[in-house]
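Quick heads-up: it's one chain on its own, the form predicted on its own, in structure tokens.
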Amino acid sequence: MEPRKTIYLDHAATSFPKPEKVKQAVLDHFERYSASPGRSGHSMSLAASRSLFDARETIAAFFHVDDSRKVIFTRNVTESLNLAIYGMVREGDHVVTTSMEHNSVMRPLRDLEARGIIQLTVVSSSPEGLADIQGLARAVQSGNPRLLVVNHASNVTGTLVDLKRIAEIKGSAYLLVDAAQTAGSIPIHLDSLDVDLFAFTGHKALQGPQGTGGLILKTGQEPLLPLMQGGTGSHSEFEQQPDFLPDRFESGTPNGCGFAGLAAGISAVEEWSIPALREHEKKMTERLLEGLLSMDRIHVLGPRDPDKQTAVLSFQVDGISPSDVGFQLDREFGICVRTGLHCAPAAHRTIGTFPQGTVRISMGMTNSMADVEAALEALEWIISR
């Protein structure tokens, strides 16, 4: 009996399978020059340093950044957001955010609020997950915040935020964007966006390995404090942290093989081209929406419009818990989805699905229309049963 094909529809969590060139880049790094970059003068260390530099240059070019030193390497977008939040705010500051944020934003902010360090304003989004631009503008105008934090797209509903409109109302606040769900799937030109801090992860739509991410600075002169301090391989004669980029924010031996893989992942994305990938995902989203909305017992959350969201759809089924739907999809059909609260309880309160959560289908570069049809057929079977 042939093994059942797995249909992976959980790309909002991490992309799978990775492109072949990503696996090869990681393997090459391990086998040929997996030494500590910047820590020695021997040939393997120099090759590792060059690989890391090339990855930084690749990321800067991909996001249209004029100086690759403004790209700070992190382990993931969670570390990037923590670096930005804890590094930017000072005691007595005001921070404004939306009710659709991931816990990677909400938990650091709630921690700072609970310790009396900041005043926090959370502006409610619509039940579709759409940001309240006017509400954010009022909060900015009345509260003079130091930091405004928004996600580019919700990891629960896929709802997109208009970054240009957000930038227009940010006033003197620093704008921090969580691009976990859009980096690699939506065209992003930072040279034409008034964004001060841009956090991304490497293991989702950028097709890189887990353990890779980054924070991009607008000018490199932001009053940002390091999250960690330690060995950088530079200025080792001093016991103080270097004050130049990117070393100021990059302590410890970096994930060299991971960032080599991320550079290869970005190359794979560029071979498709972001506009082509966006159209591919929009077509799958449109068909999935059409099928889900035709089923009587299914309730789709979010904007229900491929132009206003990423390839992420959340829904509930009358009479069946999200966890049971996900279990049946996996056990009976080999279809991988995510269920529950998706590390975003505030977002689920906003769309009215707390505490039970939703079933989330998230599609990516490696999916096809056949995968969408298989998911719809499986859901029809589960509902009828």
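Heads up: residue numbers just count along the shown sequence, starting at 1. Fair warning: this is a prediction, and the values are worked out from it, not measured in the lab.
There is another form of this protein, the form predicted in complex with a small molecule, and it is not shown here; the text below is about that form.
Comment: 180 to 188 is the region of 180 to 188, 297 to 305, 276 to 284, 249 to 257 lying near the small molecule in the model of the complex, near meaning a non-hydrogen atom within 4.5 Å.
Interface residue remark: Thr78 is counted as part of the site for the small molecule in the model of the complex, having a heavy atom within 4.5 Å. Taking non-hydrogen atoms only, Thr157 never approaches the small molecule to within 4.5 angstroms in the model of the complex. Interface membership of Ala131, defined by any non-hydrogen atom within 4.5 Å of the small molecule in the model of the complex, is ruled out. Although the partner is absent here, Ala12 sits close enough that one of its heavy atoms falls within 4.5 Å of the small molecule in the model of the complex. Only one of Ser125, Thr97, Gln309, Ser104 comes within 4.5 Å of the small molecule in the model of the complex through a heavy atom, and that residue is Ser104. Put simply, of Ile166, Leu197, Ala153, Ile85 only one has a heavy atom within 4.5 Å of the small molecule in the model of the complex, and it is Ala153.
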